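Heads up, the chain below is alone and in the form predicted alone; it's given as structure tokens.
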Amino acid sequence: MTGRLRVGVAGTGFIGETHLAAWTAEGIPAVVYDVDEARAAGLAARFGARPVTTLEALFDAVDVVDVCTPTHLHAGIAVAAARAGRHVVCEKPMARTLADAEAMVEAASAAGVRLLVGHVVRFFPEYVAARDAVLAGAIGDPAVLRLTRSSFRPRQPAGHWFFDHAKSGGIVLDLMIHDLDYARWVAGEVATVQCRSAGVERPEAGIDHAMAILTHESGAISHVSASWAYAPPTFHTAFEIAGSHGLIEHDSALTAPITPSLLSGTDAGGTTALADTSLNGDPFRLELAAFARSILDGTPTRTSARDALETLRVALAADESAHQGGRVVRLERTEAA
């Protein structure tokens, strides 16, 4: 793909640097923009990229704009990029509000450009392998999903946008959304959400731990937990997917990446392809390479803009529930993902 696609990364924080490293590894030339010009210049120098000092200069220099700014700024940049005729890659969450997300979809559609949202868990090989096994019928109909993502409170200074709920959406939109998206990807659309958050109920504690229960239109139930209550450098993920014929498990703390446990005597019993699945590869690089292929030749991606919007809808419903003491929120989708 070298020389066939030019990418501009807007935002040079943690995720902007992560994306820039992935684009560089794919041999795709990049241009970098940040409101902090010195930071943009420094990061660009590290990766052999070119810094620019305005969004207009970024749009003029590239074919694709990769939005890695703070969440509340996603929509403004994405809409402007689309109106400039540039394809858009946007880090999750898609936007801070549904109205912003809808504006992004409408702008991309009107301009005839692609809008691709980075739900990177769909590119983690162990999560992909587990979903593939479910779709192949290895455990029958999925019934109960348990998804866990646990870490420490982000180490940002007081007053950082990340801790402003109006700008970031907090733990639900930043961390839990990964597994809310995966739950949809495996078990289908969500009918209701109920969520409780320690951060909402005990803000003085300085940590957060949230738990959500999703009921899917398929009848499946997902238990999703996200935590910023652990000591650094903890980062732990796990899932269980239980179905009518068996169970698939994964725990990042264990050596075996995936452990299938299938009932004997069923059509799907016995060894599955999970044990032979290669788990090598940087998920961010896999994700962005897939996005590049999709832009270049129309190859379908694992998530559409509408798909990402529906995940945002679930996350916002969970956040709403948490701020209302765990009230059940019923989702109303305007269009199939």
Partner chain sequence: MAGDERSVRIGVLSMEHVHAGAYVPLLAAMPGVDLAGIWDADPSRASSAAAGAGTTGFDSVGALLREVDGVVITAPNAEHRALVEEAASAGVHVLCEKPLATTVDDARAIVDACERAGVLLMTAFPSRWNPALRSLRSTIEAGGLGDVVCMEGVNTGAMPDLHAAWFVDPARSGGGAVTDHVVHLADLYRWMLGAEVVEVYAVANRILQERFDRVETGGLVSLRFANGAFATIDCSWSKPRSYPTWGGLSIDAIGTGGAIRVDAFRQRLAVYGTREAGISWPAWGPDADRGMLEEFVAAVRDRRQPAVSGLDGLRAVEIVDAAYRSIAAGEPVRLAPASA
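Given the structure is predicted, the values throughout are model-derived calculations rather than measurements. Numbering follows the first chain given and starts at 1.
The discussion below concerns the form predicted in complex with the partner chain, not included here.
Visitor: Taking the partner chain as it sits in the predicted bound form, is residue 13 in contact with it (heavy atom to heavy atom, 4.5 Å or less)?
Guide: Looking in the predicted bound form, residue contacts with the partner chain do not include residue 13, since no heavy atom lies within 4.5 Å.
Visitor: Does any heavy atom of residue 71 come within 4.5 Å of a heavy atom of the partner chain in the predicted bound form?
Guide: Close contact is absent here: in the predicted bound form, residue 71 is far from the partner chain, nothing within 4.5 Å, heavy atoms only.
Visitor: Quick check on residue 148: any heavy atom within 4.5 Å of the partner chain in the predicted bound form?
Guide: Yes, residue 148 is a contact residue.
Visitor: Look up in the predicted bound form whether residue 25 has a non-hydrogen atom within 4.5 angstroms of the partner chain, and give yes or no.
Guide: Residue-level check for residue 25: no, no contact with the partner chain.
Visitor: What is the one choice in 209, 114, 131, 153 with a heavy atom within 4.5 Å of the partner chain in the predicted bound form?
Guide: Of the listed residues, the single hit is 209.
Visitor: Of the options 120, 84, 103, 213, which one has a non-hydrogen atom that comes within 4.5 Å of the partner chain in the predicted bound form?
Guide: Checking each option against the partner chain in the predicted bound form, the one that comes within 4.5 Å is 213.
Visitor: Choose from 123-131, 196-204, 91-99, 175-183 the stretch whose residues reach within 4.5 Å of the partner chain in the predicted bound form, heavy atoms counted.
Guide: In the other structure, the partner sits against 196-204.
Visitor: Taking 18, 136 and 283 together, does each of them reach the partner chain in the predicted bound form with some heavy atom inside 4.5 Å?
Guide: The answer is no; none of 18, 136 and 283 reaches the partner chain.
Visitor: Where, within 130-145, is there a heavy atom within 4.5 Å of the partner chain in the predicted bound form? Residue list please.
Guide: Counting only heavy atoms within 4.5 Å of the partner chain in the predicted bound form, the contacting residues of 130-145 are 141, 142, 143, 144.
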